[in-house]
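The data below hold one chain only, encoded as structure tokens and taken in the form predicted on its own.
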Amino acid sequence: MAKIIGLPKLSPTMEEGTLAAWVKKEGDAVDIDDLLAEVETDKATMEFRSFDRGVLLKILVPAGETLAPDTPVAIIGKAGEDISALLAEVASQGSQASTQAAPAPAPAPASAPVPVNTPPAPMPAHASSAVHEMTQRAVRREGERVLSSPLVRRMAREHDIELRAVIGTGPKGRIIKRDVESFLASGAASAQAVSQSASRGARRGPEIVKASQMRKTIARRLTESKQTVPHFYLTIDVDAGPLWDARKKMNEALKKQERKVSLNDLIIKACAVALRRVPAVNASWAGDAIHYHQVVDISVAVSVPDGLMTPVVRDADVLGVLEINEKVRDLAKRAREKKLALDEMQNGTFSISNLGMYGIEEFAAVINPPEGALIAIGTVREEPVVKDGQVVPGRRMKMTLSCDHRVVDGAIGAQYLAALKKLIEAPLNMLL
């Protein structure tokens, strides 16, 4: 028996998802656990797999649309099965949602006559279409939001189309892929291009781009962190020369293997070892208790197109620097491809954010709850330093520890930075 398939909730925090791509097409056979589609959530691009066996009889939502969990997206049943009743049910659900969302009509002016018991005459099809077009164009005034998916916006950019001129046939006037295709086929795009070229010098409003699921999650979590976590910051300036030299020697030794380690790999190792030596910083606030973690799992901030992700290097304190390098490279690569599993992005105990490669000398970062602390790493600066009473060339680096004051007091944070400084300025101490 055919059934309607809803968009599954693919992560605990998923409030909506974007159908990135359909893997199956209408008419394809579907088995249990077959991959139906890929869905972009607030965490990553995830797999939407089937819980049913049969044939994909109807795709209800095209790729590129953003939907709430449980929204009908497909119908699965037996080949040739009549699904007209299910299609009517989906249409009915859509119309009910539109009715609930629509504002109440404005009352008629007092001077206007109100007809009594007069059935309205049906509107001709061409008039209905014209009214629909006028309505669509009227609501898309300059500065107002145009409902569309990332796929539609990309098509518009590629063909130099102003989306405000396109009539949307999706829910609430949303512009979908076939609307852009119809606009292109009608020749209106060419006329629009001529009009646009004639007014290049005119002032234009901002481009409005819908926030991705990831960006929405980042915004929510960082807002919560700054509003609910009492931050304070401690900054220390260290001699980065020994760490710089240690990396250089290690890479010379690894040259024949065509492998390298980065300064960041050594910093991750040093931070992890320092957490073992000052375990009070490796902790989280849990409402009415403090959790002192027995493992050292380092969350490493990775820049991705939609924002920032923090994949976790497990047991970083016991890993070798080469192992840390391999794990960070793999996690960062899959983070940018949105291929990380949920457990690879959760339950870190301490975070590292390094902006040194961008030339940033010093910054304070926002804590990643429920972790109790995060360290921000600045660039290595070449500057004169005083050693044994002599001014000599040197390398310095600033590090700022962001602390949750409910968990880490100032003295504890200072002890941690002192331990970390000792490791960076004498890297062999990491082996002790």
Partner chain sequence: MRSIRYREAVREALLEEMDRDEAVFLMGEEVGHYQGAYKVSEGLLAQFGEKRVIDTPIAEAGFAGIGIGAAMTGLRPVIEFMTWNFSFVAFDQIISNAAKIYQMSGGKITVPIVFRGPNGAAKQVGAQHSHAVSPFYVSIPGIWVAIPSTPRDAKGLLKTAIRDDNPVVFLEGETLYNVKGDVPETDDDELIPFGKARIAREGDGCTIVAWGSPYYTALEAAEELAKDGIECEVVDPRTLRPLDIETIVESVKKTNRCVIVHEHWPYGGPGAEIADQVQRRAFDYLDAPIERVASLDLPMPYATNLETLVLPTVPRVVEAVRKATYAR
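From a predicted model like this one, the values you see are computed outputs, not experimental measurements. Residue numbers count along the first chain shown, from 1. If you superpose the two forms and keep the largest set of C-alpha atoms that fall within 1.5 Å, you have the rigid core.
Keep in mind that the form predicted together with the partner chain is not shown, yet the notes after this line are about it.
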| item | value |
| --- | --- |
| The partner chain in the model of the complex: contacted by all of P311, A335 and K338, heavy atom 4.5 Å | no |
| Listed range touching the partner chain, judged in the model of the complex by heavy atoms within 4.5 Å, from 173-181, 244-252, 69-77, 265-273 | 173-181 |
| The single option of R329, K260, R154, H291 touching the partner chain in the model of the complex, heavy atom within 4.5 Å | R154 |
| The single option of S284, S149, N325, S351 touching the partner chain in the model of the complex, heavy atom within 4.5 Å | S149 |
| Shift of I290 between this form and the one not shown at or above 2 Å (CA, core fit) | no |
| C-alpha of D179 off by 2 Å or more between this form and the one not shown on rigid core | yes |
| Did L163 shift 2 Å or more between this form and the one not shown, C-alpha, core superposed | yes |
